[in-house]
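Below you'll find only one chain, the form predicted on its own, shown as structure tokens.
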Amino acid sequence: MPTSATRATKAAGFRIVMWGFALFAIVPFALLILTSLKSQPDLMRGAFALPSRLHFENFVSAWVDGHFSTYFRNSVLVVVPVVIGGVVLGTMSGFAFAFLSFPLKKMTFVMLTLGMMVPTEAYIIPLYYEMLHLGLINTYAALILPQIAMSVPFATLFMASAMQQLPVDILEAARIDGASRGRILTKVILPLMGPSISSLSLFLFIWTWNEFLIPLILVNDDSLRTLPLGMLFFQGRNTINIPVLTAGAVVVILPVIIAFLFFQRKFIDGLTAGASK
């Protein structure tokens, strides 16, 4: 039987390992932010050298000269409908897979699973010609519609799995009271799915915000580019001015960090829902 000293030693070792992983994840972000606040002479003094003063004008230069205001607006205009569409469609289809019976249910489920495994590179060229045939190249629809379609398989499986963890007694009581399927979904299930919907929204937000290949292929108008794509062209124009370049990178990743910090509690609750069932 382990003694208290043994347990304390194991706990201390575990904490050291966890602190090591935390530092391994945090240090690159800290260096990125530190570099974005430096001047060029400060940068020449070393990566870990503190700046003589904080140069917030690097962010102004990236925002104005690098057109990041336009890229940021485009990313928001694409992310919002993709997240809303993915969550709504995933919730409805997840409800169907969790509780309803319909023809070819298992085959459809397998096809959705396979759809998650196909990389974007495998269908980006057919998708380009399809968008070209529909006249949607260089439009917001070309950025939004494919990403909603790509999010539906994961959203469906995620929500179906979460709904199957709900207590069956609550659903049976709603059926006995004569509630329709729509009323059960909106009045009984959705109020219990807050953590799972928050987790799914965060997943879709991060994936859509960071999507690079679809905007690169389907959009060549600078006024429609999103932040990751804008960052590529901004990098080509500012390879010498590293502080301004890193300021642009901070603008790209900052919304993702804020979103995670805002939803982290519900995100963890959503991932662990049903684990203790």
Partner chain sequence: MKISPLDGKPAANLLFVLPSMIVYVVFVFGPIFAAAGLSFTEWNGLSRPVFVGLSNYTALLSDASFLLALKNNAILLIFYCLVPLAIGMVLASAVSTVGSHERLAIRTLLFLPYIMPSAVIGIVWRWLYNPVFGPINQGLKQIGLGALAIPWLGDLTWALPAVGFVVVWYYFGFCMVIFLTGLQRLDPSIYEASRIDGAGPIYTFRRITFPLLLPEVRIVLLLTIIASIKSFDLIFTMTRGGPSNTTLVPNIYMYEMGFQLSRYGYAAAVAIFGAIIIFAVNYAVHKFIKPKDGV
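Nothing here was measured: the structure is a model prediction, and the numbers come from that model. In this text, the rigid core denotes the largest set of C-alpha atoms whose superposition between the two forms falls within 1.5 Å. Numbering follows the first chain given and starts at 1.
This protein has a second form, the form predicted together with the partner chain, left out of what is shown; the following refers to that one.
Colleague: Hey, in the predicted complex, does P28 get a heavy atom within 4.5 angstroms of the partner chain?
Modeller: Judged by the heavy-atom cut-off of 4.5 Å, P28 is in contact with the partner chain in the predicted complex.
Colleague: Though only this chain appears here, would I84 touch the partner chain in the predicted complex if you measure heavy atom gaps against 4.5 Å?
Modeller: No, I84 sits far enough from the partner chain in the predicted complex that none of its heavy atoms falls within 4.5 Å.
Colleague: Given that the partner chain is not shown alongside this chain, does E121 nevertheless sit within 4.5 Å of it in the predicted complex, heavy atom to heavy atom?
Modeller: E121: yes, in contact with the partner chain in the predicted complex.
Colleague: Does at least one non-hydrogen atom of I242 fall within 4.5 angstroms of the partner chain in the predicted complex?
Modeller: Flag for I242 set to yes.
Colleague: Quick one: of S69, N210, S39, N220, which gets a non-hydrogen atom within 4.5 angstroms of the partner chain in the predicted complex?
Modeller: None of the other options qualify; the answer is N210.
Colleague: Residues L100, A149 and I253 are flagged as a possible site; in the predicted complex, is every one of them within 4.5 Å of the partner chain by some non-hydrogen atom?
Modeller: Yes, because L100, A149 and I253 each have a heavy atom that approaches the partner chain to within 4.5 Å in the predicted complex.
Colleague: If you apply a 4.5 angstroms heavy atom cut-off, which residues in 114 to 129 are near the partner chain in the predicted complex?
Modeller: Result: L114, G115, M116, M117, V118, P119, E121, A122, Y123, I124, I125, P126, L127, Y128, Y129.
Colleague: Would you tell me if Q40 moves between this form and the one not shown by 2 Å or more at its C-alpha, with the rigid core held superposed?
Modeller: Passes the 2 Å threshold, so yes.
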